[in-house]
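Given next, in C-alpha cells, is a single chain: the form predicted alone.
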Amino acid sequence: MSDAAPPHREATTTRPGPHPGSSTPSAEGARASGDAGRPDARGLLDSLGPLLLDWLPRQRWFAGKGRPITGFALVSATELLPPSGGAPGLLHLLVHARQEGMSEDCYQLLLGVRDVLPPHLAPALVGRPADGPLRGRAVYEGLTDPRLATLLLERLRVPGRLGPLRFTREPDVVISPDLAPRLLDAEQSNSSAVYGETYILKLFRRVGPGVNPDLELPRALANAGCARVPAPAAWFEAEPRHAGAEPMTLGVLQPFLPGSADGWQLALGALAVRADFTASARALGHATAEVHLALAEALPTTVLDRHLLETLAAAMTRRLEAAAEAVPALRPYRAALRAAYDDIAAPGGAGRTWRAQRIHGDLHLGQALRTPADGRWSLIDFEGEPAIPLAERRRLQPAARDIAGMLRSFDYAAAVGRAPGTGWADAARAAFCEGYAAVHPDDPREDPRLLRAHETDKAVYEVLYEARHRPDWLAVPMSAIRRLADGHRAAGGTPV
C-alpha cells in the first residue's frame, strides 16, 4: 500500500496497478493428494521448510507478519511440470502455516525448479534445499518465469484435472495459446499475471474451503446479463480432502481492460487540476446500482428483521468500543456514534424495512475502472477483505455497506488531493447517491439511518487503521467522525 492510498487493499484485477521464527518448522501431516502430477512428497516439506520460514513472511501477501511461524503442514503437492534437463519445472503447493496466537492459514505456492537460475530470475529465488527431493536445485517464485506462467495459462486453456487440481473454462470461451505473460507487482493480498493485454489471471494466495466471491459473484452477474463486471473465462480449484468439504478457489482468469484507469487515479487527476468530478461520481453511482440490482436478482436476499438489525448494531458497537480503547481521540464521540447504531437497532413504528443481499463487500474508488473508449464504469475485485473469513464475506449484507465504502473513499481522495474545504467531497458524495437513486428504487438519501451507521462503522475502522499504521493520516477519518457525530446531534440524537 502506498503512503497516499486509502486503508483498503489495492485493486489490480483487470488493469495495471495504481494504486521469523527461531526454529525449523515441522512438516506434520505432509502428504500429496491424487496420483497424476504427484511428486515424491516424502521429505519435501522438511527440505523446503527452512527456506519457506525465511521467504514466506517477506511476501506482500503473507497475512501473519510480526508473529513467528511455528510449523508447516503440506495439504497437497502437485507437479504441474517436471524439470527436465535445463528446462524448468513447476510445483504447486498448498501449505498450512502455523503461527502463535493465530488460526492456521493455508497458502498457495507456485514454485519453479531449475538446476541453474538465470540472472533475470535471481530476485525470485526462494533458496536451494540442503536435502530432500529438490536438493541443490534453485527453487523460486514460479509466476515470475514467463515459461511457467505460460504453462499455467495452457492448463486453463485446455481444462481438466491434475491430481487434486481441477481446471475449468467457460464453454464459449476461446483462449489463444500465444499470449505473452507479464507479472503485475502492485498487489498485496494476491498475485496477478496479464496475458497479452487480453486476460488477467488472479491467484489467491491465502485460500480456504468454499467458492471465492471473486469467482461466484462475477459469474452470477454474467448469467444475469450484467455487463458492469468482467465475466470469468476460466478458473481452477483444489478438490477437498474430506467428504462433504468444499473445493478451494485458487485462481480466476478474466478479460483484461487495457488502458483503463481506476476511480482513485481519476479522482486524484481531477483534483490536481481542480476539475469537476460530479459527472464521473454520478455515473459511478449508476453503475453501482446496476450491479446491486443484478446481484439481488441473481442471488438470494432477505429482510433485515429486528433481530438481524440488533445483531448488526451490536457488532458495530463492539468495534467502536474496541477502537476507542485503542485510540483515545475517539472516546469523546462514543455516545453520539453509538446512537447512530441504536437508530437501526430500534427503528420504531415509523421505521422502514431494509433488505440484505450479496454485495461487493470492499467497494472504494480503487475497485472501479473506467475504460477510455466509452467512459464506461466497471466494478472489479469482488473478493472482499481477505482478512475476513470467507464464510463471513459470503453473507447477505445491506447494500448500504458498499455505498458507505465509496462515500468514505471520496473523503480520502479529497484529503490526498488536498481539496480546499469539503466542497469537492460533498459534491462527489451527493452526485454518487444521485446516480444510484436514478437506477435503484432504494434511494440511500430517503432514510439515511442505515447508510449513516455503515459510514460510521467504516470511519471507526479507518481511525483504528490509521492510528496503528499511519498516525499522520489520523486526521482524515477523525474529520469524518466529527461530522458524523455532529450530524447525529443536529438530527436530535443523543449528546455526548
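Start at 1 with the first residue shown and count on from there. All values derive from a computational prediction rather than experimental measurement.
Beyond what is shown, the protein has a form predicted together with a small molecule; the following relates to that form.
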Each of D343, D447 and T456 near the small molecule in the predicted bound form, meaning some heavy atom within 4.5 Å?
-> no
Of these, Y412, W424, F256, W377, which has a heavy atom no more than 4.5 Å from the small molecule in the predicted bound form?
-> F256
One residue of T317, T150, S189, Q357 in contact with the small molecule, assessed in the predicted bound form (non-hydrogen atom, 4.5 angstroms) = S189
Going by a heavy atom distance of 4.5 Å, is S260 a contact of the small molecule in the predicted bound form?
-> yes
Can you check whether P230 is within 4.5 Å of the small molecule in the predicted bound form, heavy atom basis?
-> yes
In the predicted bound form, does H92 have a heavy atom within 4.5 Å of the small molecule?
-> no
Please run the contact check for L80 against the small molecule in the predicted bound form: heavy atoms, 4.5 angstroms, yes or no?
-> no
Work out which of the listed stretches, 111-119, 67-75, 248-256, 219-227, brings a heavy atom within 4.5 angstroms of the small molecule in the predicted bound form.
-> 248-256
